[in-house]
Each structure stands twice: as structure tokens, then as C-alpha cells.
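One chain follows as C-alpha cells, the form predicted alone.
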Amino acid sequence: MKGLHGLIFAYDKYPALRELAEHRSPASVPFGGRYRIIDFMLSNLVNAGVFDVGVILHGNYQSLLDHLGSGKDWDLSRIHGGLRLLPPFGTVQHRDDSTFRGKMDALYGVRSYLENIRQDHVVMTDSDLIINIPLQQVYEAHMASGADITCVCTAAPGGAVEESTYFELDQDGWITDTIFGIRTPRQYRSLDIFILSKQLLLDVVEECGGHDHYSFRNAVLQNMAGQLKIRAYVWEGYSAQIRSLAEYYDRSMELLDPAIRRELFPKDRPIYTKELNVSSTYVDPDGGCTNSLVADGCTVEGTVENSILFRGVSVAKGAHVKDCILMQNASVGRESVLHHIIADKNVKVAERRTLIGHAKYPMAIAKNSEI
């Protein structure tokens, strides 16, 4: 899509992700057996023909840099355009730190990049969204409506209400009010995907930067609502924003539902990720693996039920893994029992250990831990 440029915000920090985000940004948290969370929005952009994408970074971004590389796995390694990683800048000179306070703060810090965008329109999105949405249809609806800004939203519940943004719409789909920080959900929950023209984006960045306004939803969606035509695009398919450990666990377990997998991974809109050459998975006939997602390179000699195993996971004989998420190269020793556990990369569980969490409060084990 030659008329659209992608901007992904990968700078947010979510303390509620706890151990999963201690050594990485939320965008690079592993998900679904072989992906990172940012893979979904990157793939949505590429599937819509958007091949110029800027990723605005913040803290703990080394893992994200390692994952994205040059962008070649998403066909974004190009001489002109392609993937551009935008490091954190000191965005406001009169402040003594470079911490981003909101989207407008981050955009003000990369305004020279924005000025050189070749396309007429920009799609801005957060990096914590699990979704497979035909963005070309959203763009076409935006152009046909004559809106200044199109905001993608959903009527489906989800996420922490107080941390979500909600829209109220009139009968024609125009946004009449933007609300956040409330305790009771309103009509439609924002998915934090926005389409607007490059010129409008530059104008609001300049306006907000000059008045030290840093919040897009407050400074633009609320304060400029009387000046701008803001329209909603209501998405009726699956979507999930990953901002807490409980959300990560619940949304991961939903992938065991074949209907959700079919919706997230249709053949005509694939989800791309960094390719790794690993061997095939071995499952011992004397063990067993039921209702689970198992990536390549695993060795399963024990019993695995209702779980997600990333690349290189090993489960020794006599071990029992149930309702768990084991990330890359995690290992479970003989006769150990794991229920409702999230084990990060390279976690080693010794023989005859018993670790039991709960579906409502899973136990997370930090990267490189030995139990």
C-alpha cells in the first residue's frame, strides 16, 4: 500500500508483566510457541502492503533489536525505506531525562523522521496487540469516510478497564466522546490503531510539542475533538492487548482453541517471525502430548497436557507438565510436576521438583533461573 506508512510504539513499560518484561520490552515478549508480540502488528502492516515501518523504541530494547535485525524476515530489509528502528531521544530539552510520557512525546522526539516519510498517510499502533486485521480495509474505509483520524476499536470486553480508552459513537460511526481512567466500560474499547494523514500528524506533533502536551488521547482525541472529524472502525474479530501476566497467560491458553488459531493465522494473512533452523520435535511414545502447541526442536519424553512449548524445550521421562507455557530452551527434569507455570527462556527445573500455580494466578519463573 504505497500511500500508508507504519509507526509502531514499542516504548511502553507494563509493570504488571512482571518477570516477563524484566529483561526485555513488552514488544519482544515471546508468544504462541514461536513468535514475539510485535510480530503480529509488523505482519499486519506487511500483509497490507506497508513496507516502510518505523519502530519507536524505549528501554530494555536489546532483545527487540536482536529479534528484528534488519527486518528481512518480514521483507522489510530495503535500500530505501523498509524497517527503521528509532532509538529513544531526549524529547523535551527542558526536562532532565529522556523518558517518554506518551505518544506525542515520543513523536516529537522523532519529528525529523516524520518529516521524511514518503507516504501521504500514517498508521500508528502499539506493539502489545495480538490481532490479524486487514489494514488495507481500514485504510480504504478511512479514505472513503473523509475522516481526519480513524480509530480502530472493538465492542468485545478485555483488558484492565481503568487502563483502557473507550469511545462513544453516534449512529453513523463518528466518535462523540473519548473516555479513559474509568471503572465501568463504555461502548467501544480502543485497540490503539490510528490512521491519519502525514500532514495532520506533523501539525498535531508541532502543536502538542509547543504546549508540552504529551498524551495523544488527551491532547488530540479529547482536546481537538471539536476541530477534527474522528471516526471509528469497529473490529469484530479476535483481539488481545497483553499488558499483565494474567492477560499473557489467558491469551496464550486461548491459542489451544482451534477456532482462535484459525482466525489469528489465516493462510492469506500469515504472521511472520524470525526464522531459526532447528531440528524436528521428538515425542516419546511412552510419554504423551495432548491438546498442546509444540514448536520445532523439542524433546518430550514425559507427559504434556494443555500447554505451549517453544523451540528447544525438553521434558524428561516421568515429568508431568499441565497448563503451562515453557519458553525457548526451558528444561524439566525427571519426575518433576508443573501446573500453571510460565517458564521464561533457559529456565532449568531439576529432577523431582513440584511447582504449582493457579489458572487465576500462574507462577512465573524468570529467564535463566534454575529451580
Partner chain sequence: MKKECIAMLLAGGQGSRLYVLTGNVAKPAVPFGGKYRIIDFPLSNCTNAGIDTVGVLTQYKPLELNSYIGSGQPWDLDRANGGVHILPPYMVEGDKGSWYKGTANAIYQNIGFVDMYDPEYVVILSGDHIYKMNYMKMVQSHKNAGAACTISVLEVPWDEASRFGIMNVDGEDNIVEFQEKPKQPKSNLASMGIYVFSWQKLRQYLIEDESDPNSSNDFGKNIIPKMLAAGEKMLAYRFEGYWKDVGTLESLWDANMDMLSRGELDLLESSWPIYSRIPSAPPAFMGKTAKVEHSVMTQGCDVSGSVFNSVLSDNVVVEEGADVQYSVLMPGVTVKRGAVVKYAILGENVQIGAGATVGGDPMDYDPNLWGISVVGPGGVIADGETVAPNTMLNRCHEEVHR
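Computed from a prediction, not measured in an experiment: that's the story for all the values here. Positions refer to the first chain, counted from 1.
What comes next is about the form predicted in complex with its partner chain, which does not appear here.
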{"item": "Option touching its partner chain, based on a heavy atom within 4.5 Å in the predicted bound form, out of Asn277, Gln171, Asn116, Gln227", "value": "Asn277"}
{"item": "Its partner chain contact in the predicted bound form: Arg111, any heavy atom under 4.5 Å", "value": "no"}
{"item": "In the predicted bound form, Gly32 touching its partner chain (heavy atom, 4.5 Å)", "value": "yes"}
{"item": "Contact of Met124 with its partner chain in the predicted bound form (heavy atom, 4.5 Å)", "value": "no"}
{"item": "Its partner chain contact at Gly102 in the predicted bound form, heavy atom, 4.5 Å", "value": "no"}
{"item": "One stretch from 184-192, 243-251, 269-277, 202-210 that, in the predicted bound form, holds residues within 4.5 Å of its partner chain by heavy atom", "value": "269-277"}
{"item": "Stretch 259-291 - residues with a heavy atom within 4.5 Å of its partner chain in the predicted bound form", "value": "Arg261, Phe265, Lys267, Pro270, Ile271, Tyr272, Glu275, Leu276, Asn277, Val278, Ser279, Ser280, Thr281, Tyr282, Val283, Asp284, Pro285, Gly287, Cys289, Thr290, Asn291"}
